[in-house]
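Quick heads-up: the C-alpha cells below are two forms of one chain, split into structure 1 and structure 2.
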Structure 1
Amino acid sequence: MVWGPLTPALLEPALGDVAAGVRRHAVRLAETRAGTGNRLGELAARLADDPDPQVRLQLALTLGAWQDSAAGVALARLAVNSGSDPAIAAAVLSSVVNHAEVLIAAVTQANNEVREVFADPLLDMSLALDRRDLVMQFLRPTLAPADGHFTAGQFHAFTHFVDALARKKLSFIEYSETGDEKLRELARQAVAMVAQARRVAADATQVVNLRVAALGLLGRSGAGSATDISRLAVLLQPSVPGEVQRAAVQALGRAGDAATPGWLLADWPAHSPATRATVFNSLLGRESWALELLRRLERGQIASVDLEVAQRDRLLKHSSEKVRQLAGTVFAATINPDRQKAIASFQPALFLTGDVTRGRAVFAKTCATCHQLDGVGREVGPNLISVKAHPPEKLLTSILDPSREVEPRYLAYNCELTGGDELYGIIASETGNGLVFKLPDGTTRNILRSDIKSLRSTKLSLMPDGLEAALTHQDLADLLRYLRHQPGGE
C-alpha cells in the first residue's frame, strides 16, 4: 500500500467520526492544516459541544492557533459550557491571546461560576499586555448600575480589578489618568460605585451579602479612605452580622493605618470566636501589629487563654525575631518548650486503658481543626487514617513533638508579600506563576510569584506544640485508642 500526504479532504470526515478518539486526533492534526480552501476550521469549531471531554480539551488547545472569528466563538462557547472542568479551563486560557475580545465578552455576560473561573486571569492578562481596550471591555458592565444600584457581583468584580492594579502598585485613578476620555469616564463611574459602597456597608437594612461585597472596596487609598477607618470600626460590634464584622476587619487590615490594632482590639471580649480569628490573622500580617497584640497580652488586657493553641504557636514561630522573643516571654508559663520533657511526663498514658468513644470526643475537640478522620475535621494536615498502624509510643511522640518527624509537604512556610502581608501555612500546590497556600483554618489562597517578597520554610510542622496543656493522661490514652481503633490498626 502506498501512503499519500495527509490532506484536508481526509481529515474533514474524521472530524465527524463516531469514535471520539478519531475526532480528537483529527482536531490535533487539523491545527496546522486549516485555512482557505478547506472546511477544517469550520468543522472543528462545531465540536465545542462534543459529548467527549477529551475532544473538547483538544479543541480548546487547538483553537489558539487559529485567528478567525469562528475559532473565537467556539473558544468562548467552551469557556461558558465546559469551564467548570479545570483542564478545559486551563486549555481555554492557553488559547486566549488571539480571541481575547470574544472570550471577555462571553465571560462578562456568563453566570457567576464562569466569571469566577475566567475573570481574574483574563483581567491579569489584559493588564499585563497593557490592553486598555480589553480592560474597558471588562469594566463597562461592571460599572453600569441597574436602576442606579450596583449588585454584589459588580462590587466583587471591581474589587478584583482594584486588587489586580494594586499588585502593580497602581490605583484606578492613577491608571485612568494615563488613558483616554472613555477610561476617565469609567473612573468617574468608579467613584460613584465606591460612594455607594460606603452607604451600603453602613446600612443595616441591606442584605448581608451585598454589605460584605461593598466592604471589599473600603479601606483603600484615595479620597475618603481616612474616614473609612471610623466607618469600619463602627461595624465591630455584636449587633452587626458576623460576616459583615469579619469583612470590616479585613478592610481595616487592608487600610494599614497605624491605629488599626487599637480598633481591632478595642472590644475584644465581645468578638465571636470566628471574628477573633479574623482579627488575629489581620494583626499577624504586620510585625508592629503582632507586637501590639503581644503587649496587650503581656499587660493582661487580653488573656492568653483567649488565643487558641495554634494561634499562640503562630506567634512563637513568627518570621519576626522580635515577635518570637516577646511571644516566648508572654507564653512561657503556658507553653513548655522542652518537647522531650512533655513526652516523658505523658508516658503513664501508655499504660492506661483507653476508650474509643471518649477518644473520638478528644479528637473532635483537639485535633479536628487540622486533621480529618472518619469524616470529621478539616484536611489541613494528613488524614489520620494513615497512622492507624503506628505503635502507641510513636503516636505519643508525634502528638507531643510534631516537628520531630514531618513529611516535607506538611512543613510550614512564612510567605511575605510585596504589599506587606505575611502568610503562614503549607504549600498545597505550585503552578508556573504561583503557589496555592493552605492556611491553618483550612482555607486556601492563590499567590502570584511576582507578589512574593520572601518565602521561608520554618523547618517545623504546621501542627502546633503544646497540645498537652489541654489534655490529661486519660485523655491521651483515649485518643491513642481511638486513632488505632480501625481495621488493621491493632
Structure 2
Amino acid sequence: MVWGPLTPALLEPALGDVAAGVRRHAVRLAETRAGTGNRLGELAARLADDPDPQVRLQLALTLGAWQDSAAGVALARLAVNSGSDPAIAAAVLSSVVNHAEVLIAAVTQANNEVREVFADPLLDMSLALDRRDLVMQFLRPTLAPADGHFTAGQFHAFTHFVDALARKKLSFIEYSETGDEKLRELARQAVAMVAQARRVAADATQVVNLRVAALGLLGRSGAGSATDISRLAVLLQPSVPGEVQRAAVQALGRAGDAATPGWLLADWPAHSPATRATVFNSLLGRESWALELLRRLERGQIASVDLEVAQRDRLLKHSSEKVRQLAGTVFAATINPDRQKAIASFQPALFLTGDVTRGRAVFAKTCATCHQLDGVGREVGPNLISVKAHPPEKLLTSILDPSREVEPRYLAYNCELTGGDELYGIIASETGNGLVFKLPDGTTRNILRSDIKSLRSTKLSLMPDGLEAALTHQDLADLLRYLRHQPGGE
C-alpha cells in the first residue's frame, strides 16, 4: 500500500468494507470530502440501512453537514427505520435543519412509534423558526379525516400541536389569523376535529384509546368549550372505563374553571384509587383548588385516610403557606379517639417478653385470613415480611388503628351490582370494561362496569378495627415478637 493523501478514490471502497468499524470511519472522513466530483455522498447514503447501529449513528450525524436532497432522503430513512434507537434519533434531530421538509413528510406518514419520537421536536423546531410552511406540512395530514373519521393518532398529533402553541401562549385560532387563507382553512378543519372529539369522548360505543385521544382536545379555550365542563363531568362514573375517567379529569383540570374542584370531588367516594390519584394531582396544581380539597377534608366529606401518606406529605410541604397551614390543622385533627384509647390500653404489651411460638399461633388464628407469613395464610393484605424492621410502637398502631394510614389499593369499597349483589373488598385491578374485586376471604370477582349500580369507598382499611378484642396483652406481645423475629429482625 502506498501512503499518500486520503483521496475520495481511496475512501469509496472503504464505505463498502466488510468491517463495520472501517465503514463507520469512512463515513466520518467522507463528511468533508464528499462533492460533485465523487460518489462519496451517494455511497454513504446507501448505509442508511446498514446492519451496524454505530455506522448508522455516524451517518445520521454526517448527513446534517450535507445539503443535497439525497442526504435528506437518507436521513428520513434513518428516522423511519432506526428512530426507536434513542442515540440515532438524537443524531437525526441534530442533523435536521437542512432537511426539514423531507423529514416531516416521512415522519407524518410513519407509524405511531416513529411519530412519537420525532413529531414533537420537529414541530417545536418549525414553530421556533417560525416556518409556517413546515407547520402546515404537519397539519395537513393531521387534519384530514379518512372517511370523515379522525384516528387516535390524528387526535394525539393535533393535541401535541395545540400544547406546543399553548407554551407560546397562543391558541390555534390566533395563530391561524397570522397566516394566509390556506392556514385559515386548516383552522376550520381543526374546529371540525374538536367537534368530532366531543362526540367521540361521550360515545360509550367507541374504543377506549380513541376516546382518551379525543379527550386530549377537550377543556381548552375555543368555540364550544363552555359546555365541555358538564360534558366532562358526566364521565366521572364507575361505569366509564378508568382511562377515560382519568383523561376527563385531566381535561377538567386543564379547563381551569372555578367549578372544577366541585366536579372532581363531587363523587369522590365512587372513584377508584387510580382515578383519585389523578384527581389529587389536578387539584394540587392550583392553590385555590388545594384549599378546596382541604376544606372538604376538614368537613369530613373526604377522609384523610383517602390520601396516601405521600399525598398528605405533599400538602404539608405545598409551596403555598396557606395550604401548608390548613393541611397541618386538618391532619392533626383526624386521629380516631376510640383507636387512640385502644392503643393506650395496650401499651403494657410493649414491656412484656414475647414468645415466637405462641406469637405464630396468635397470627394463624387472628391474622392469617388476610396476611401470609412463613407460608401460612392468604395474601389479601400486604405481605408482612416488610414490617419486621418496624419498631414495636409503630406495629402496635398498625394493628390497632389500621385505618390511620392505608395504601390506596387497600381501601375497602362497597360495590352494589345491578343484579342485587353487594360486595365488600378492595379493587385489585381495573380494566377498560371491568374491575377485579378482592374479597376479605381471599377470593376474587370479575365485575363488568356495566353491571355496577354503585361503587363507594368506605374510607377504611380492609383490615378491621377491634382485632384487639380477642387478644390479651401477652398475646399482643407474642405477636409483635413473632412479626419482628424473622431473619434480619430484632
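Basically, rigid core = biggest C-alpha set you can superpose within 1.5 Å across the two forms. Structure 1's sequence is the ruler for residue numbers, which start at 1. None of the values given here were measured: they were computed from a predicted structure.
Between the two displayed forms of this chain, it is structure 2 that matches the form predicted together with ligand HEC. Relative to the superposed rigid core, residue 449 undergoes a CA displacement of at least 2 Å between structures 1 and 2. Superposed on the core, the two forms barely differ at residue 257: its CA moves less than 2 Å between structures 1 and 2. After superposition on the rigid core, the Cα of residue 285 moves by less than 2 Å between structures 1 and 2. For residue 344, the Cα deviation between structures 1 and 2 after core superposition amounts to 16.2 Å.
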